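Given as structure tokens, the chain that follows is alone and in the form predicted on its own.
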Amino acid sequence: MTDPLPDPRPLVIGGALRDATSGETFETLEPFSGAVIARVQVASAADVDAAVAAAAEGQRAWAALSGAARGAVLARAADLIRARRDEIARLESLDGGKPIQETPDADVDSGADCLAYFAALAPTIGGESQDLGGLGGGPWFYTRREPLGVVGGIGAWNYPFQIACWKTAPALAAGNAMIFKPAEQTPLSAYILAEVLAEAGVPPGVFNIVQGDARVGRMLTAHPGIAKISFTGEVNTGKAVMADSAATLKTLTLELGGKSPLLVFEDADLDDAVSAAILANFYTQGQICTNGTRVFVHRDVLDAFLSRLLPRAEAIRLGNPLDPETQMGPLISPDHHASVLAHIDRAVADGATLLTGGGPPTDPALAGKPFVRPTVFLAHDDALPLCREEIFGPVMTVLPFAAEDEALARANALPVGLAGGVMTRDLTRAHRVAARLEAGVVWINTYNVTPIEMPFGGVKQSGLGRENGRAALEHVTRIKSVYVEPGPVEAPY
């Protein structure tokens, strides 16, 4: 691959840049200015076929290496990412609108940490054995944990580089090859991942990039040469991915949306509770799937909680994401901006009490750009769309409650279950509530902290499978059982 990349950006297939055969391109825009950053080529079905063929060939060579050898390559890639930290962080802020305050840690370091973690686990991937003959000499079996083959990854636009690493690192550690389709809104940082993997020694074909919209995603989910799909995105799209994958019985990891609850009990440290609520709603402009957008606050501390929350929400600084002083950037696109504002308008019309925010900033320098001020509602009706639908923007809803059982029943009432949070000084209650929350991830006395060592994923309609932690390896491998009979075969015939 060459640097800089040609325009329009090509695909990456078999370790080389390759022009798409579709003749189609799309533009990726800078959310802050609306300027075109680059044009990108759209993959055709023939291009996806070529990527699958290249991935299958590369995977055979990659899987033939020892786990230690694969781990050494991934460790080198992690080091190369850290060496390019500032470059990748700036690109993520430019392409996705995220503040440069966030992207070095939340995006780049998380991606590098993921590669380093699975590099260390790669030599440990293996099976088990068990003697079935008492003291020995009889039958026994062993298991092999084998790679699936070719994995398709479909990314999301809110954490493009991090998600690419989260999907790729465990897959490659286990000996698979990856065909990755970035979200069309943020297609650029995946090229850097391809470069560092190649430089680190990943064989050609083991990491491929196909670009495009949902049509290209469907090409991956339907392709018979792809053994697994790992998808991050919206619930209904995840259901479509699952339906498309059923024809070839693909293994699936689906990390989907949520409408997560954060429970603030009367004994919580209210300053910490406010900090957690801010992290749960306003980080990355509120565009995080785990966000705790339903903040249940015990009625005895409601006024005190709001008196601390509102000034801090109103003090968040909006601006150019490349300005180090900016704390909140623009939403990803004008269309998404309009969607978030429509949700806010409907909530007001439905009778929710708007406490702060609710529209674009008054700063003339930000006029006409897709910004939304940090918004806080107070609501008393869980049936409102505000309390049921994922908005994916900086919109918090505060909901008073009176008792633990009531709060849990309301928190668990939705068909999604990605995450949840508990703020209390009573650790017995904290663990009790964590056990009863119907969620894949629960935070106690914090929110939205996702170390690579911790499995990540949802329950109910928030997804299947897990990313990160040792649990991720279970979803990129298959178990083969081998039974060994050292004695004669006895047959009744």
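Numbering starts at 1 and runs along the sequence shown. Remember, it's a predicted structure, so these values are computed and weren't measured experimentally.
There is another form of the same protein, the form predicted together with a small molecule; it is not shown, and what comes next is about it.
Student: Pick the stretch from 388 to 396, 319 to 327, 191 to 199, 92 to 100 whose residues have a heavy atom within 4.5 Å of the small molecule in the predicted bound form.
Tutor: Every other range fails; the passing one is 388 to 396.
Student: With the partner left out of view, is Ala156 within 4.5 angstroms of the small molecule in the predicted bound form by any non-hydrogen atom?
Tutor: It does: once the small molecule is placed as it appears in the predicted bound form, Ala156 has a heavy atom within 4.5 Å of it.
Student: Can Glu255 be called a contact residue for the small molecule in the predicted bound form at 4.5 Å between heavy atoms?
Tutor: Close contact exists here: in the predicted bound form, Glu255 approaches the small molecule to within 4.5 Å, heavy atoms only.
Student: Do Gly421 and the small molecule come within 4.5 Å of each other in the predicted bound form, heavy atoms counted?
Tutor: Close contact is absent here: in the predicted bound form, Gly421 is far from the small molecule, nothing within 4.5 Å, heavy atoms only.
Student: Please run the contact check for Phe118 against the small molecule in the predicted bound form: heavy atoms, 4.5 angstroms, yes or no?
Tutor: Judged by the heavy-atom cut-off of 4.5 Å, Phe118 is well away from the small molecule in the predicted bound form.
Student: State the residue from Thr375, Thr232, Asn176, Thr284 whose non-hydrogen atoms include one within 4.5 Å of the small molecule in the predicted bound form.
Tutor: Here the answer is residue option Thr232.
Student: By the heavy atom within 4.5 Å rule, which residue out of Arg85, Arg308, Arg218, Arg76 makes contact with the small molecule in the predicted bound form?
Tutor: Going through each option in turn, the one that passes is Arg218.
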